[in-house]
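Two forms of the same protein chain are encoded below as C-alpha cells; each is given separately, as structure 1 and structure 2.
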Structure 1
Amino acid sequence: MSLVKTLRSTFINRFHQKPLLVRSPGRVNIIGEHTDYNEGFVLPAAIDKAAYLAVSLREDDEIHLVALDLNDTYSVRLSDLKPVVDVNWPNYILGSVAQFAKRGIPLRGFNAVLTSEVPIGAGLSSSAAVECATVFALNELLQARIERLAMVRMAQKAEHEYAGVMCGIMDQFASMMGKKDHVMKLDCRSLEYEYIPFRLEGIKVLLLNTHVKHSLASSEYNARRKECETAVAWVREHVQEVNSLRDVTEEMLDKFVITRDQLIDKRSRFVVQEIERLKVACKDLQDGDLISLGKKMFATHDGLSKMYEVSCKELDWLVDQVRNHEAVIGSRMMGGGFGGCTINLVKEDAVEELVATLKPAYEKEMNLPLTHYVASIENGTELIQS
C-alpha cells in the first residue's frame, strides 16, 4: 500500500491535517454489453485497480483539489461551483459535490488529493471510480447518511452533468457496490441486483489494452441507441406492452423488424440475444462451469463485431489470436467499442507466456503498444483505515 502512504503523506504535508481515506475501484464487465441502455442485464465486478482519495473539511467555502498523477491543482469556491471547461479531471469531483447541493445538504469547503491506478481510456471506468470515491467521502465527512444505491445515482448524475457523458448506471454501480470474488447481476431497469460467486481457482482475468480509441466511438454509440429505439417502436406498433429491447423476443424481430430493415434487425437481434446469453451465463457461474461461460464470451465478441459492429481490427485481432489457445477459456472486447481492452479468462500458469507471445506480434501488426493488467475481483468503494 505504498500508494496510500504517499497519498496520506502528500496530503498531510500540503494541508497539515489528517485526511479521511477512500478507495474506489474500476470495473470489468464479464458479459452483457450494450444491454444497459436497453433495460437489460449486465454482469460487472469491481477490480483491484482503484482510485484513492484523501479528503478533509475546511472552515471556509473553498475547495482545493490536487491530482497527484497529473501534477495539477484546481481551486474553486462553493458559490462558484460549475463545470470546468479547459481541464476535465476536476469535473468528476465537482460534479459529485454538486449532487449534495441538489439534495439540500449543507456543504463545506474541503481539501482533496487524488491518485489512481485505474488506467485512463482503457474502458475500466476510471471516471466512475473518482465520482464514487468523492460521493462516498463527502457522505462520511458531512454525515449525510445517504444509502449506497442513492450514492450510485449521484455519481452517475455527476458524469452526466459535469463530465457531459450520458452513461448508463453500470460503471458507478459496479464501483460502489462491488463484492470480493463476486460478480453482480444488475437489472438495468429496476436496479435490482444479486451477487453471484465468481470462483476462479487457477484462472486469472487478463485485460489486454489495444491503446486505441477510434473517433467513431461516440457518434456510433448514439447511432446504435437510435437503431435500438427504432426496433422497439416498430415492435410496439403490434405489441403494446413492449417498452425496450428487454421486452422483445427474436420471434417479434422475425415478424416486425427484419421485413422492414435488415440493419435494424441485426442491431436489435444482437441485444436480444445478449440479454438471453447473460441469463444463461449466470447459471454457468452458479454451476461453476467456466468453460460454458468462456464460449459465451467468444459469442458475445462475434456479435459485437459482426452484428452490432462496434469492434475494430485491433480488438478482433486480439480475440482471434487467443480463440483456439488451450489456456484461454474466453475472450471478448469490453466496453462501448472501437478500442479499449479485451477481457480474457486465462489459466494462471499461462498468463506470462501468452502476453510474451502476443505483445511483439500485436506491436508489429498494429504499430501500437500492447499493455496488460491482471485483475482480481475486489470490494467496492470503502474507507481505508488510517
Structure 2
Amino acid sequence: MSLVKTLRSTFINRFHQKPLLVRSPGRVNIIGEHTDYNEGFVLPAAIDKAAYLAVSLREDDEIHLVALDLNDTYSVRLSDLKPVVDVNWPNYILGSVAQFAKRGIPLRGFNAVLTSEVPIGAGLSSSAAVECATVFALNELLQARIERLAMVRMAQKAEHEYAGVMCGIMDQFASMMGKKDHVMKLDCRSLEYEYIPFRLEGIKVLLLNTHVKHSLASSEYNARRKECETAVAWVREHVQEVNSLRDVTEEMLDKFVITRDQLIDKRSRFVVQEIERLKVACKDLQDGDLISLGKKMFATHDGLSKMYEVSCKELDWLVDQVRNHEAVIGSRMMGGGFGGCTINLVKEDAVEELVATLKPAYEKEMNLPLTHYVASIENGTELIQS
C-alpha cells in the first residue's frame, strides 16, 4: 500500500473522520550555507521526499497526535500547550499550533497522523517539513487565510520556540515555497526571491547519507550564530550602518575582527565569503557554467570544514573521494552540519558506478552504512487528494 493510502486508512480507523491530507517536502541547498541567519542568500529547492500529515478538527480542545513511523502517540489539551521535554517529534507540530494562538486565531482541538519519508537527522530538513505541513493544514482547517510567506515565518518560529534551534529561514521557506524543477534564490534579509530553472541535462543531484546523526547540531548551531553576532557587534563599533554579516566585508574583518579574535574572524570570514560565492554561483547557473558552479561547491565545503568547523570526518571523506572524479561536478556537505548528507552534482551515467565504489569503501572505513538517493526537485507544501 502506498504511504498516503496507509496514512489515510490509519487515520480513518483511529479517528473515524475523513482527514485533510497535506504533503510538505524536505529540501536540498545547492550553495549558501549558514548564510540565512546572517541575512545573506541561499539557493535551496524542495525535493521528492516529503512529510505527510492527515488532520481533522475535533469538537473539544484536545490534540491527539500519532507518529506512524515511530509507532508513538501524544495527546494534550490546547490549554496545556507547551514544549515537550522527553520526546522531540510532537514539538514540531505543537510549536506550529502555538503560532496560531500567538496570532490570536481561535484554535480548535484536532487529530493528526504523521508519516514522513524525509530521513531524520540527514540534513534534509525533516523537521521543517513537519512544521510547514502543520501550519498549512491548520490554516486550511481554521480558514485563517494566512499568506504563504507568513506561514513560513510561523513554521520557523515553531522550530525556535519548541525545538530550541535558532534556525534561519531557509528550510521552512524551501519546504513551503518550492517549485518543480526550480531552485530558489532567496534574499534572507528582504525575503525577496527568484525561481531559477534547474533542469540540468544529463546531471543528477545525488545525496549521500553518512548516517552520522548530528547530535551536536543544535548546541553548536546556536553557538555559531552567537559567534557571527559577536563579529557584527565588533564591526559595528566602527561602522554604524552594519546590521549583519551581509553588510560586512573582508576588509572590515581585517581591521576590526582578526585583531581581536582569530576564531571569530574565521567564522565570520567564511560567511562573508559564502555570501559572495553564492552570488557568483547563481550567475554560473544562469549562464550554464556548471564547472564553475561545481568548483564553488567544493570551496563551500572546504570553508564549512576548516573555517566554520561544522563538518565531520565522514562528510570530509566523502567529499575528498569525489574531488577529482571526472563525473562529479561539485560536492559538499549540506545543511547545519556535523553529519547528514553530502550533495553531489554527478553525470547521470556515472551515478550507479560511483555509488557502487563508494559504498563498500565508506562502510569499511567508517563502520557505518552509506545510503544514497537521487533527488528530484518538486513543488512545496500542498494539499493532496483525499
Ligand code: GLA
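These numbers come from a predicted model, not from an experiment. Numbering runs along the sequence of structure 1, starting at 1. C-alpha atoms forming the largest set that superposes within 1.5 Å between two forms make up the rigid core.
- Only structure 2 is derived from the form predicted in complex with ligand GLA.
- With the core held fixed, the Cα of Lys185 is displaced between the two structures by less than 2 Å.
- Thr259 shows a C-alpha shift of 2 Å or greater between the two structures [criterion: core-superposed Cα displacement of 2 Å].
- Once both forms are fitted on their rigid core, the CA atom of Ile93 lies less than 2 Å apart between the two structures.
- With both forms fitted on their core, the C-alpha atom of Val248 sits 2.4 Å from where it sits in the other form; this compares the forms between the two structures.
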